[in-house]
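Take a look at this one chain, the form predicted alone, written out in structure tokens.
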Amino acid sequence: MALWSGRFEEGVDAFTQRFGASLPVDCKLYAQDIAGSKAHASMLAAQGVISAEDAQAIAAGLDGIQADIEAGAFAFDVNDEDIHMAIEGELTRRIGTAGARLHTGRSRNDQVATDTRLYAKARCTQLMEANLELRHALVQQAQAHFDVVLPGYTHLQHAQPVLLSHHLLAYAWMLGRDFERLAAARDAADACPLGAAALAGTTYPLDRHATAAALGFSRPIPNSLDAVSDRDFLLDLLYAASVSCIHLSRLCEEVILWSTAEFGFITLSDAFSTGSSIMPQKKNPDFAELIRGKSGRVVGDLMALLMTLKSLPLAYNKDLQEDKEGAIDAADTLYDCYRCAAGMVATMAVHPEAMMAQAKKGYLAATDVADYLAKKGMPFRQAHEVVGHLVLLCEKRGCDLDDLSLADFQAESSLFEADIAEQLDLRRIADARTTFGGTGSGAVREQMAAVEAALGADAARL
């Protein structure tokens, strides 16, 4: 019989019992639920609401239940409805009346919010750790191939030469922002609702500051209605996870392209590739594709919770039972994607010669040729047109800019001199981007130092 059944004359229908049960999802929060109950019981004893003996019996009983759960010796029953009732019911069976006193001054409403916040805090920390691991892998590859030149793209068309280190660090910066969003989600979860009871607080002399401190929260939530109904912290977690998955999808799309025969920029490790059941030559980037695909799943989790929360009146509503499954799924998915991406990036083989070969295609020196003329006094728009004519000439001849003679250049402008040949060297072109944040080697070294400093600072925050 349900712990709330005193007001009811009939039992719950078996189907609606299953339909309304959250135990299959929130059983994952058993450790958080037990921690919250132990803190609550200790506070009740300190406030003289229950005896010290009852508090000790409750703590010992909860420790035994946790040990049984972790040993696989605890049988969950969907008739218990949720993790709170499953644990409280078993506690009362084990220790008797003392267990029945545990729920004094609290409700499942503040209890579940407490459990979920504890879970979100811990999971954010784990995600931040995995985020750091992937950023380290990107930095290590950038260091190992610092001077490698590849074509930079806009519209997926050859644009200008860049250093591979510069390209990889762009993802490190993206992931650094993701780390900040995860840290903000962790901070948002770091407030304790325990003691708000169902919605209005309680008449018992609870010390909410004490339970908040005992559970590692920075503060109790100041409004009891808000305490039981707020799920913004889960939206923050889901948003952080969604943005990071979008970033991972961008990284993986490039990994997929770069590993094709058409690009040949990288070869993925066998550990992060699969074969074909029919084509023996295939080496497929399946795990990069899976990471790319899972971004939709995580974004869907965010959309689901946004719609669940839309138009909910204060305070607690059963709709909020739908808050945990998507958040747990998104956090688990992002964690696995981080780990897979880190391993994939760390073990991929880079082919500098293939990158340089592609960089020599597509007229990547064109902008620098225009700049050459502009620096000699020609208005840039006119220089742009002159170089456009040269590119058109190359297309008609089937050659590149460095195949043109000095006479070809001077036919378009008398400002061209013999030193134009120096402006066509791709490594020199990349290295000339010396502005802050540019792809020149000096600027990238400064950037690398900043990324490494950020990694150290973020690691210290954990």
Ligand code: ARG
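Computed from a prediction, not measured in an experiment: that's the story for all the values here. Each residue number is its position in the shown sequence, starting from 1.
Here the subject shifts to the form predicted together with the named molecule, a form of this protein not shown in this document.
Listed residue that, although the named molecule is not shown, lies within 4.5 Å of it in the predicted bound form (heavy atoms), from T333, Q321, S249, Q160: None of the others qualify; the residue that does is Q321.
Of V149, C245, V112, V369, the one that lies within 4.5 Å of the named molecule in the predicted bound form (heavy atoms): Only one option qualifies, and that one is V112.
Site check E254, F263 and H351: each within 4.5 Å of the named molecule in the predicted bound form by heavy atom: Judged in the predicted bound form, none of E254, F263 and H351 sits within 4.5 Å of the named molecule.
Partner-facing stretch of 380 to 388, 164 to 172, 263 to 271, 79 to 87, counted where any non-hydrogen atom is within 4.5 angstroms of the named molecule in the predicted bound form: Flagged stretch: 79 to 87.
Exercise: S22 in contact with the named molecule in the predicted bound form, heavy atom 4.5 Å: Although the named molecule is absent here, S22 would touch it in the predicted bound form, with heavy atoms inside 4.5 Å.
Contact label in the predicted bound form: D26 to the named molecule, heavy atom within 4.5 Å: The answer is yes: D26 has a heavy atom within 4.5 Å of the named molecule.
Interface membership of H145, the named molecule in the predicted bound form, 4.5 Å heavy atom rule: Close contact is absent here: in the predicted bound form, H145 is far from the named molecule, nothing within 4.5 Å, heavy atoms only.
Heavy atom of R108 within 4.5 Å of the named molecule in the predicted bound form: Yes, R108 is a contact residue.
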